[in-house]
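This document starts with one chain, in the form predicted alone, laid out as structure tokens.
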């Protein structure tokens, strides 16, 4: 599944979309950035409530396909700028992390 297909299937909000055709191969949910850096896999969709500029750096280091801000969280201006500058696919959903993870996991099954 591509990031664009994920957006379409779940009506995700697009904050930054540099690579809509990037393949999503798995998922990771977490908010502790150091934990995400060591455990998220390349190609994962990363679900988080963190919205500071460090999210873009971790997304790049972990090589995730996209970051999805859950719970209706909006990116802070610095994160949005960094995501656009560095080519990070940054999306959002009003759903809880639990609900979003379940729906997104079902799409990949």
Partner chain sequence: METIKLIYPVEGGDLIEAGEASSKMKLTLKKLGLPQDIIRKASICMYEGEINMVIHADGGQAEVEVDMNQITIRMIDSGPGIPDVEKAMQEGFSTAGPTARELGFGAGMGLPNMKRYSDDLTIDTTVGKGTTVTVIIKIPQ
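Positions refer to the first chain, counted from 1. Quantities reported herein were computed from a predicted structural model and do not represent experimental measurements.
Missing here is the form predicted in complex with the partner chain; even so, the following discussion is about that form.
- When the partner chain is considered in the model of the complex, residue 74 lies well away from it, no heavy atom lying within 4.5 Å.
- The partner chain in the model of the complex is approached by residue 37, whose closest heavy atom lies within 4.5 angstroms of it.
- Taking non-hydrogen atoms only, residue 47 never approaches the partner chain to within 4.5 angstroms in the model of the complex.
- In the model of the complex, the partner chain sits within 4.5 Å of a heavy atom of residue 33.
- Only one of 65, 62, 29, 83 lies close to the partner chain in the model of the complex, with a heavy atom inside 4.5 Å, and it is 62.
- Contacts between 52 to 75 and the partner chain, taken as any heavy atom within 4.5 Å in the model of the complex, involve 52, 53, 54, 57, 58, 60, 61, 62, 63.
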